[in-house]
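The chain that follows stands alone, in the form predicted on its own, written as structure tokens.
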Amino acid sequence: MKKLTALLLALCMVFALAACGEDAETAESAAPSEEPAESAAPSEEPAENEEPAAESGFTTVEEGKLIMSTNAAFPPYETTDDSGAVIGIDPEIAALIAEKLGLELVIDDVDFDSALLAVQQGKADMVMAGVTVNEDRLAVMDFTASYATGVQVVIVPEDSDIADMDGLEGKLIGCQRGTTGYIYASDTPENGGYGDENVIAYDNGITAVEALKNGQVDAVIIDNGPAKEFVEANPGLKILETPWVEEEYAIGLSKADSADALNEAISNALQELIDDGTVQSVLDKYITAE
């Protein structure tokens, strides 16, 4: 009887241990199946973080660089020094914008028409060359806020019989090709111009002033800033006292949808430089008050 009791006790212990083993195996096998659920949350975080980066990011014509097209024959906004480097108001402001955006500034010096086309054709990120905003340009480019005011004036020889704007009628006028000075002057008299037949376009202001000195034109219409530089460098010339046209300068940008983020970044950077007085300090450095 004792042997039977002992045998029954032994069998009960075996069944109990087997049951415990099964529970342990079940618990161990269940644990791994729960781990992926716990690790699923971290895997979703990068996806959430990627969207803001894509929304705020921008692309440039050349990675890591901000390409600015210009015509470096428009002092003090842009000209070249003895080494051939482009200097002036626009390059300084552009360099400050590039710094804010973490980009390297690259300046492409071409004729004025080509500088405007470079942005339209996706060869440059922006154009700064004393560019005035007008309806024709708004149709093919976007623009930042204005950062400077330009005044178109008339340069004549000191002994000229041209005393005011009325004296320009019937005279030959030299202008830089593609500028608003050229556009306004070559318009019809009904629209305030002098007629296309009375206006000669030159690749830059320097060439137009040389033509004036050589007697090939009777006057040159150009922005007041460059006009002062040209008159100071060329004795025998003067600026008529009456300004011709006042206009606002802005940065020309691409109209392509792919450039929207970059345009916004450039505009914001420029606005910050205007708001903190940096742009005005650059202007004051090159254009002294009379």
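One-based numbering along the sequence shown. All of these numbers come straight from a predicted model, not from anything done at the bench.
What follows is about the form predicted together with a small molecule, which we do not show.
Contact check for T180: a heavy atom falls within 4.5 Å of the small molecule in the model of the complex. When contacts are judged by a 4.5 Å heavy atom cut-off, R137 counts as touching the small molecule in the model of the complex. The closest heavy atom approach of T132 to the small molecule in the model of the complex falls within 4.5 Å. In the model of the complex, Y147 stays away from the small molecule, with no heavy atom inside 4.5 Å. Annotated contact segment (heavy atom within 4.5 Å of the small molecule in the model of the complex): 172-180, selected among 156-164, 172-180, 188-196, 98-106.
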